[in-house]
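Presented as structure tokens, the chain that follows is alone, the form predicted alone.
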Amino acid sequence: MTNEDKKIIPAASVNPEEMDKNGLGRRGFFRWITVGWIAFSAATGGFFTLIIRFLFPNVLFEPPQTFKAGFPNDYASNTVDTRYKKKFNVWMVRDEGSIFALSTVCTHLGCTPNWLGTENKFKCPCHGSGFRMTGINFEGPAPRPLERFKISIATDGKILVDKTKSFKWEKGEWEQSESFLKV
């Protein structure tokens, strides 16, 4: 036996009973088991967090369904006010004798039409539906007019719009007193 064939291992550093064939000792084995369990626990915890998040969605981002839209005198005759379009999805419209709140959702496929003041109409950019200032459809594929929301005067004299109640023209609901304010 030559000196190269002999491996000199100090007797105090490694216990031969603690080493397997691959050189992995008892401590190394338990380290790998610990790392495996930590990885498994993290993956399982992440999975259950996603499941719980799915079952209990956060709905705090939804805008309130009832809001105050200023005083009736804030709206000029024969105008469409677009200031509530982004935040509440509502257009405030005042014609000669009334104020009403129109939904900004196209009745064709749910896109948001734009108010074109120069042409005095709402025009949907998705498929070309056109609506008059009153919300009545007159061009394009939209099957029915825009919906109106419940509107009333609050105790402080401001206009109160309630989006939980909508009125449809084709059902004759636009004639109900809650669908508009007399001015």
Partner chain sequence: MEKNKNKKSFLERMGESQVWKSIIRSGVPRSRRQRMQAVLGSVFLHLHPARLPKHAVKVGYTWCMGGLSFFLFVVLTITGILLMFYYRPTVEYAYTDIIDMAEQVPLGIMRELHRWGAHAMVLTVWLHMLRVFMTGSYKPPREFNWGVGVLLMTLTMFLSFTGYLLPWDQLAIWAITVGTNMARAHPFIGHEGPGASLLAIGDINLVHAGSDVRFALLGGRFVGEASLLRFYVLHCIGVPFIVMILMAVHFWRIRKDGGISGPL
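Positions refer to the first chain, counted from 1. Predicted model, so just to flag it, every value in this text is computed and none were measured.
Below, we turn to the form predicted in complex with its partner chain, even though it does not appear here.
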Any chance Trp37 has a heavy atom within 4.5 Å of its partner chain in the predicted bound form? no
Wondering, does Pro57 line up within 4.5 Å of its partner chain in the predicted bound form on heavy atoms? yes
Should Arg144 be counted as a contact of its partner chain in the predicted bound form, where contact means heavy atoms within 4.5 Å? yes
So in the predicted bound form, does any heavy atom of Ser41 sit within 4.5 Å of its partner chain? no
Identify, from the list Ser152, Asn120, Thr49, Gln65, the residue with a heavy atom within 4.5 Å of its partner chain in the predicted bound form. Gln65
Would its partner chain in the predicted bound form be within 4.5 angstroms of a non-hydrogen atom of every residue among Met92, Arg94 and Thr134? no
Segment that reaches its partner chain in the predicted bound form - one of 122-130, 28-36, 41-49, 153-161, heavy atoms within 4.5 Å: 122-130
Residues in 108-125 close to its partner chain in the predicted bound form, defined by a heavy atom within 4.5 Å, in order: His108, Leu109, Gly110, Cys111, Thr112
Shown form as baseline, in the predicted bound form, CA Lys86-Arg53 shift of 3 Å or more puts them farther
